[in-house]
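Before any questions on how it binds or moves, here is one chain, the form predicted alone, in structure tokens.
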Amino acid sequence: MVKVKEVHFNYDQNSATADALNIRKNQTIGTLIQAPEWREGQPSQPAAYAVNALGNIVRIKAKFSNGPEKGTLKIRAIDAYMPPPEPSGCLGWLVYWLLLILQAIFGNVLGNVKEKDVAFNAQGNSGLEEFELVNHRLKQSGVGIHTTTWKWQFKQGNQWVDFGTTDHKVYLVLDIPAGPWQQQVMSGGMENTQLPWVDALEVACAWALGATTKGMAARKITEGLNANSLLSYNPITFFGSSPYFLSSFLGQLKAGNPFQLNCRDCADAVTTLSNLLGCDLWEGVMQSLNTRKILGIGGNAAVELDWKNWSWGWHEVAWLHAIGQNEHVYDGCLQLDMDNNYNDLVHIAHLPIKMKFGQNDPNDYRYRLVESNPCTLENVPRRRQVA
């Protein structure tokens, strides 16, 4: 019986228009994920696609064994959980529609593998064959984490014969990840630890699940950070200034124990996780400011004592595209008070998401944040390397 030996998703490390991105498990040396992501008898490795970078045709590569010696077979792969084409009875139709709904929400974004003739050598082994994906939903699905099980088949007469299954995990991001993330794969025994991490994709894709635009993705990342029940504010930087210790931040989240972070830590998290999804955020500092009453991350808007004035030598946030008075900020560290009476106990909490920095307009970030002192902008955009 024919066997699937290998399935390759990221077979071209210099392009992402028809195949997957270059990724690694985490910052640890030796965790680079290379094709074949699926190999017979070994654990399956994940793949990631940048949906806006993909062209009209997406392909994989696969290799087979135990085929007809010096012969050919027509081979394809279909969704292993595809509902039967002709359900029968009430229960059959119920199962059919339930499977369709589950597929639409959670299921196979890779579609099916288009059939093609595969040649085998005298030992019954094929070469590394290129296959086109058909009916895939990679470009329509938005940010997410998906699993696919393919049922591989060869054609015998007019019948398709099953000969194996392969399981695959796929991360979808919106575009080629921006800095600090890179796509260059080094040679000569060196490893690029700035390739996208699977550990970070797990968090970013979960927080921004379903985002179909970069603005939506950055918003969801900012909200996901600020609303996380494990986090609370402390003016000390906990996760480094250069580099950003993303591995430590992710480890704390995974451990599930409460921890603290400050504005720089929040700006690092928002920028780094958003840019992993293809956004274009930078980190920037404002200097010397006394704040109005604000609600730090982890605070309860209904508790008056959680609304505090701060005297800061500096405050760091994520900026969209550039730093400047007319530019826009994403601040996951705090919520502003949009109530116009600053002398009462009424507060209208507002998380700054794509909020114009501005000056004196009540809808501006600066107006709602700053009570006194100049709050000067340091026009030094940063994207800190991850470690």
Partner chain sequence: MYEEIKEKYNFSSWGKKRKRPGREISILLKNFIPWEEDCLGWKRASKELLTEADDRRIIRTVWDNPEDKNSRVLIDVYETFSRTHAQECLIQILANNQLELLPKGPDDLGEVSFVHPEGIPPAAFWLRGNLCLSVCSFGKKMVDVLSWTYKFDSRMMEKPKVERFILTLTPQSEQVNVEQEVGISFSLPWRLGEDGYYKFFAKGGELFFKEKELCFRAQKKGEAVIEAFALEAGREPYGGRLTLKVE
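Computed from a predicted structure; not experimentally measured. Numbering follows the first chain given and starts at 1.
Keep in mind that the form predicted together with the partner chain is missing from the display, and what follows is about it.
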#### Entry: Which of 211-219, 238-246, 197-205, 171-179 sits within 4.5 Å of the partner chain in the predicted complex, heavy atom basis
238-246
## Note on the structure
In this chain shown alone, the residue from Leu110, Cys263, Ile75, Val270 with a heavy atom within 4.5 Å of the partner chain in the predicted complex is Cys263
### Query
Considering Gln153, Thr166, Gln252, Ser126, which brings a non-hydrogen atom within 4.5 Å of the partner chain in the predicted complex?
Gln252
### Query
Does any heavy atom of Lys308 come within 4.5 Å of a heavy atom of the partner chain in the predicted complex?
yes
### Query
Would Gly189 count as touching the partner chain in the predicted complex under a 4.5 Å heavy atom rule?
no
### Task
May I ask you to state whether Leu231 is within 4.5 Å of the partner chain in the predicted complex, using heavy atom distances?
yes
### Phe131 within 4.5 Å of the partner chain in the predicted complex, heavy atoms
no
### Stretch 365-387 - residues with a heavy atom within 4.5 Å of the partner chain in the predicted complex
none
